[in-house]
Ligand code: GLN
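The form predicted on its own is given below as one chain in structure tokens.
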């Protein structure tokens, strides 16, 4: 088979699998597997390809057709202009979460200390440290496997980050100027209705926010105030339409100056709040 025929075979299989990005995904896997850019492909498209390359490529295409996200097959995803290693231990970074990273960069004081709860791939912590070398960045997660991925990404980008294995704030006694988190916030019953590439491949622990999707918000809002310096702030990514509910929970737990930032689609995306000073001084 020629290189052109191999690529076309991949496109056809993904199209039959109703992949909405069949041409893009087929090319990404082709380029990754055959180590070939567009210019090289145009020069070699009519050449006969080695059989083993065709075999490896089609094996990846069949996995993609079965629902495996292309990011896991390639092992990488871009976030805030940086490349991050990802595997099935971590949630794939989304462009929506860049709103949280951007707000973190805006609100973190010069030389300030921040904590990234539920760090996952480490994309927020690493991006902030990369763009703000003056910042003192901590990051935590419950899973040691997850932290292994986050540490790999920090090492790759030469980001000096203190990683801690902790169930939210339980093993973190320090105080911070900013605490940020993208916690699980999907209602348990809704997970089965998610797209197959999310439901069957991304880690359930990073998705399931409990029966009403608010379990992690309740825990964070109850405890985060005591881990902030006076005038410190909390930033939480929230699901579209959760702004009013999470804002009410924040107010019930003593948070003030509550604001909601929206993403480019106009959906609620980030809650920002400040704890009453008497709580921070405890």
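All of these numbers come straight from a predicted model, not from anything done at the bench. Positions refer to the first chain, counted from 1.
One more form of this protein exists, namely the form predicted together with the ligand; it is left out here, but the text below deals with it.
The closest non-hydrogen atom of residue 97 lies within 4.5 Å of the ligand in the predicted complex.
Residue 183 belongs to the set of residues with a heavy atom inside 4.5 Å of the ligand in the predicted complex. The shortest heavy atom separation between residue 139 and the ligand in the predicted complex exceeds 4.5 Å. At least one heavy atom of residue 93 is located within 4.5 Å of the ligand in the predicted complex. Note that among 115-123, 68-76, 186-194, 162-170, the stretch whose heavy atoms approach the ligand to within 4.5 Å in the predicted complex is 115-123. Checked against the ligand in the predicted complex, the candidates 147, 108, 128, 206 yield a single residue with a heavy atom inside 4.5 Å, and that residue is 206.
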